[in-house]
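A single chain, nothing else alongside it, follows as structure tokens in the form predicted alone.
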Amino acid sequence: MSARVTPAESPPLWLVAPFFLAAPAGLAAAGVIIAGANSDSFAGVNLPRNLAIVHALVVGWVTTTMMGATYQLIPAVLGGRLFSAWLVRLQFALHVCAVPVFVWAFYHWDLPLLEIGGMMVCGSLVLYLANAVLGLARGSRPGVTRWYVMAALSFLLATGGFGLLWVMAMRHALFPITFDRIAAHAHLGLLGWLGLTVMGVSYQLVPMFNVVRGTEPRFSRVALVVTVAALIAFAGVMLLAPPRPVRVVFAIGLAAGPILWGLDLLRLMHHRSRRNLDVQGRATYLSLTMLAVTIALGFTVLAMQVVSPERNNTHVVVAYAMAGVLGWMGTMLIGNTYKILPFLLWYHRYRPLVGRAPVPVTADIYNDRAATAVLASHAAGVAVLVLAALLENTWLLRASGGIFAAVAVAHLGTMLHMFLPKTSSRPMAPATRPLVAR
């Protein structure tokens, strides 16, 4: 099921931690933009404000976090070795510079700057892929998580390539960027890169953190094959502008893989030995709920396109996209950060003290109540945003933006709090004295 973890192969703390600490800025930026939205946000998916929000979330928040998580996962879990620590630091510096340029250019619809920002983002992705792919190639532990990550990296390359091509096409008027082409690019990134990464990493983390024994996932390989095949077919067909009914067939394929994955996770969580849920367990159930909402909204969009193709359904498309990015993926991401970062801190800071002083466990490094409050606030923000989109209510939309900006600050604050000195909640066992004959 899950691969054996070798903490000794973990990369240095300050190689991975900056990605986690920088990522909430993307969520905060998206929240601020949403808080200033107006009714135009429901008029078209390709409006500058909407594109800025999506890319702040996807490239700035979720992708940045996933980069840090995979830099930890590849050596410690998959047995690989990163190509270069120096290259990781260079990639991080380029990425945190590229994202603000990219989002700003979308927001102000500055096409020359957008082309520059797109090239910077693609440069960051190339450096990331070089380290990740070479690390995976050196990996010594086969397993389903490895295959999911390899597939996700392939779709990341395709997403970046299509995205840069679309930007250059707009900049130089090479060909029109239609809704169908945007949909192909979006699903390659959202389900191909982000979705497959979440799915593959969950097959490792959920059994490990919830102490699952005596059962195995049933659909892990089938879910991967179905998702990859459906994505390739969907992207290829959407580039050809297929008839509306044809899209329903491919949409069913897109939904099938995540549904099988969700059934696997429910099975694993049902067989967990740790009965009391921590923040990661709560995030898992919330994420699965958001996945169900996302799939329902996706089929609603398709039904509206088939039944009333002339009707503007942008508001439902916005609800679908935000439920997927912020709900399904973002919720799982928040839960996992409260496990990955404390583990890194414990291993690098407190492990050397074992046997010499009372040492905190990972649960002592983060505050579970504060983490749960962040998670609950985020889930509330997603609910408000989806409702706002479906009702086309600008005030609710702005309120959700304020919630996400606050969640980003709180998430960063709780992560920074982990770096403060911690004490053990368990007293050190007294040393055993040898018996002395009297």
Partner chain sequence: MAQVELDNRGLMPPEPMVRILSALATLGDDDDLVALMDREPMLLYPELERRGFVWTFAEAGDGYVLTIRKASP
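Every value quoted in this text rests on a predicted model; they were computed, and no experiment measured them. Positions refer to the first chain, counted from 1.
Although it is not shown, the form predicted in complex with the partner chain is what the next lines describe.
Heavy atoms within 4.5 Å of the partner chain in the model of the complex are found in exactly one of 87-95, 291-299, 249-257, 314-322, that being 314-322.
Comment: the partner chain is not present in this chain, but in the model of the complex one of Ile403, Ala37, Leu51, Leu396 has a heavy atom within 4.5 Å of it, namely Leu51. Just one of Val45, Val58, Val384, Leu375 comes within 4.5 Å of the partner chain in the model of the complex, counting any heavy atom, and that one is Val45. Of the heavy atoms in Tyr285, none are within 4.5 Å of the partner chain in the model of the complex. A residue is said to contact a partner when one of its heavy atoms sits within 4.5 Å of a partner heavy atom; Gln305 meets this definition for the partner chain in the model of the complex.
Among residues of the shown chain, Leu111 is one whose heavy atoms approach the partner chain to within 4.5 Å in the model of the complex. The shortest heavy atom separation between Val228 and the partner chain in the model of the complex exceeds 4.5 Å.
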